[in-house]
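What follows is one chain in structure tokens, specifically the form predicted alone.
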Amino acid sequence: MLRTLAGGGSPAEQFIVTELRLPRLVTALLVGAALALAGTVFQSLVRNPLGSPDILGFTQGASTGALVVVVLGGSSLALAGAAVVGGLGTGLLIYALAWRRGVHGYRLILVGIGVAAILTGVNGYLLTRAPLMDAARAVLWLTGSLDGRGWANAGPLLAVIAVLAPLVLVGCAPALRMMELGDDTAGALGVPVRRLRLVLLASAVLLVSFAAAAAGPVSFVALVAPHVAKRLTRAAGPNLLPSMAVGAALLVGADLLAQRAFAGHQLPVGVVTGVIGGGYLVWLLAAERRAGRL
């Protein structure tokens, strides 16, 4: 592998490493980091450990956009673009519905859960309208998969992360930490709460939308990664950079398990993250109830 990356290796080795394995690995790293960063931003803004694009409806919005293209018989490129448009449109809808002299955490969560339920029904209907072969392709995409991912999938997401990650990590992180103390406290400390919340929400929605365009709506990475990062670092605050590292490692590990768990058969990576994340969500709900917060 090292010889091939250095420019050597046979043509077969170059094809396997540079065209099959490396794009898949890079896509997994980027998708995991993007979802984890978005999940951390959502959880910090709503000040709730259940804040996640999977629960708030943004992932379902990206799925709706992609399914519309599937029903209309569009190409894979159009599917990825429609996923981005669907995610952004859902973000605008949720923001508009949750607005009432500002957007507050619990209102955003409640509106997001309602929109997610509606879009889940819409997605189910769109699947019934799609041709059989297109519906099968759509179901695989909806599960979340890294099969056949190439540089064309990783490139747009890399560009988005290159722009938004510094904005969030450097430009917004100190103010985001103060916003965790509450809007009134942050405003008294000079933080432009409404403008900052809008910038962070837009950044998180863009990250989720482009991640879904690259690998489908991979579930629960955005929910689990911030919690794992906080337990590893034991540090206060949003832990943005550690969450990105945990999310990238989590998705790469899940993809490796999906490829090797059953000999002769590869699972979509979304199946593995769903099993892990679903179990973690049940444990988290039980812990929140024991602590008296539910």
Partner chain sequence: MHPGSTRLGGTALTLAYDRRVIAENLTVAVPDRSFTVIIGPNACGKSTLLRALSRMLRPSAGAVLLDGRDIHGQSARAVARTLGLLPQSSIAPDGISVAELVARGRYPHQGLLRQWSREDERVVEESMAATGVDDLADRLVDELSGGQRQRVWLAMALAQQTPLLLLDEPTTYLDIAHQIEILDLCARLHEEQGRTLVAVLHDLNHAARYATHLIAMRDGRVVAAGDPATVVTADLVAEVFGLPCRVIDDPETGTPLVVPAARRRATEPA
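Only a predicted model underlies this, so the values are computations on that prediction, with no experimental measurement involved. Positions refer to the first chain, counted from 1.
Below, we turn to the form predicted together with its partner chain, even though it does not appear here.
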property	result
Stretch in contact, per heavy atom within 4.5 angstroms of its partner chain in the model of the complex, of 209-217, 184-192, 144-152, 88-96	184-192
Contact at Arg47, Val170 and Met178 by its partner chain in the model of the complex, all three, heavy atom at most 4.5 Å	yes
In the model of the complex, Pro174 touching its partner chain (heavy atom, 4.5 Å)	yes
4.5 Å heavy atom contact, Gly253 to its partner chain in the model of the complex	no
Residues of stretch 237-258 in contact with its partner chain in the model of the complex (4.5 Å, non-hydrogen atom)	Gly237
